[in-house]
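Presented as structure tokens, the chain that follows is alone, the form predicted on its own.
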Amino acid sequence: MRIFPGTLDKNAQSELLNQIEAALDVAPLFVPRMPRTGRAFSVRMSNMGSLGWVSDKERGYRYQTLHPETDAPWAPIPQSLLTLWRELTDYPHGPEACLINYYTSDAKMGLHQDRDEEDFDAPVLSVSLGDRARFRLGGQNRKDKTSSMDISSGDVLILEKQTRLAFHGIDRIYPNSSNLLDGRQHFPDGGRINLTLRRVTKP
């Protein structure tokens, strides 16, 4: 794993947040649900790109071209994120999906692997915006030893090579540790946004 603390300064974070809000006007936040049980995730989410990740009780985890509630295409991935991908990864092909996960103060993300893609050679690049979060990273088996670290607004994290299929999750959000989301239409409760860029299909 590689982490790049403070990659985006305050101005870059604010501009990216403007682009995310514009994307959510096109493809609003929705609540994904667990396969089989239908249990709601504690995060709300949307996507940008030609493909978007969704999950529901009936069809499980998958990527699709249209929003599950509006049947509209996702908004495009902002150029600034595509530039980060080109500059920080060694992968020659661009991402096809950018997940937008929105965490309020009580939201978490249990340990999981990103393995719904066809191409595991491609890295996963994540950008944090808003409140600080406690990130947990394990190994390729759920019972492997884990380690934790705090990640802050503007940090970029990359899972690649041996960590590409590592279990990882968010244990907690530190409320009010950032004011980036304050006063934003789509995020009235503040919180944290995680953007995750992924290549889905094999080139």
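Numbers follow the displayed sequence, beginning with 1. A quick note: this is a predicted structure, and the numbers were derived from the prediction, not measured.
What follows is about the form predicted in complex with a small molecule, which we do not show.
K.L.:
Using a 4.5 Å heavy atom cut-off, are 109, 151 and 192 all in contact with the small molecule in the predicted bound form?
P.N.:
Every residue of the spot touches the small molecule in the predicted bound form.
K.L.:
Would you point out which of 115-123, 84-92, 71-79, 97-105 contains residues with a non-hydrogen atom within 4.5 Å of the small molecule in the predicted bound form?
P.N.:
In short, 97-105.
K.L.:
Does the small molecule come within 4.5 Å of any heavy atom of residue 170 in the predicted bound form?
P.N.:
It does: once the small molecule is placed as it appears in the predicted bound form, residue 170 has a heavy atom within 4.5 Å of it.
K.L.:
Residue-level contact is defined here as any heavy atom of the residue lying within 4.5 Å of the small molecule in the predicted bound form; does residue 199 satisfy this criterion?
P.N.:
Residue 199: no contact with the small molecule in the predicted bound form.
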